[in-house]
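Okay, so here's just one chain, in structure tokens, the form predicted on its own.
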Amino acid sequence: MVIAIDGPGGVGKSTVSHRVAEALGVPHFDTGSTYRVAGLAALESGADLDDPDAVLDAIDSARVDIEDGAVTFDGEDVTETIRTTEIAGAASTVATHPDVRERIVAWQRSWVDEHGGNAVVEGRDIGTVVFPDAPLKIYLTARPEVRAARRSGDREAAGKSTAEIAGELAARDHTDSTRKASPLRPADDAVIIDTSALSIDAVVQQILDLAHGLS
């Protein structure tokens, strides 16, 4: 069974997804890593980020492995490298190209198939595009100020004020929700959970209760 967990940045998506997967004994797949490593591949190859064909060539030439949260690129561990602001920006740009998204979505589906078809998959279009038939779809949200405060401790946010972080999150939200290819939005049958005033434990338990209700 695939559990799709979507939502914007700063809602607790990664922590919640990892905890849910751990509790259920299934793999956890952060699909954001696929776009980040695609951005890294494009930058490393010198590709024009606005040229989808060049980005696809860079992706196809790279050797990438994602396992247990660790990401290797051409044999090098880039788990932390892809969390930089530069790579995040590159990922956002390459993710706007429909052809690139199509290639990466196929990769994401293959990853889950290779792991037995059972996983907690987090992202921004999992329930709407990648696994639209997932039996459980969750969309996490939170108030802007809460999201910014949570993100303040991330590596990408080092040295930035909460206001700056909030502005960056709002800009990313706008880009993701208005792009033509796979815009960020809840699936029609997603369970929407506002995490603003909830603990991680409470959110995880809600999802586990829903998952157990399907079995």
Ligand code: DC
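Start at 1 with the first residue shown and count on from there. Bear in mind the structure is a predicted one, so any value in this text is a computation, not a measurement.
Beyond what is shown, the protein has a form predicted together with the ligand; the following relates to that form.
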{"property": "Heavy atom of residue 28 within 4.5 Å of the ligand in the model of the complex", "result": "no"}
{"property": "4.5 angstroms heavy atom contact with the ligand in the model of the complex for residue 103", "result": "no"}
{"property": "Heavy atom of residue 91 within 4.5 Å of the ligand in the model of the complex", "result": "yes"}
{"property": "Distance check, residue 97 to the ligand in the model of the complex, heavy atom within 4.5 Å", "result": "no"}
{"property": "Stretch in contact in the model of the complex with the ligand, which is absent here, among 185-193, 52-60, 66-74, 30-38 (heavy atoms within 4.5 Å)", "result": "30-38"}
{"property": "Heavy atom within 4.5 Å of the ligand in the model of the complex - qualifying residues of 164-184", "result": "172, 176, 179"}
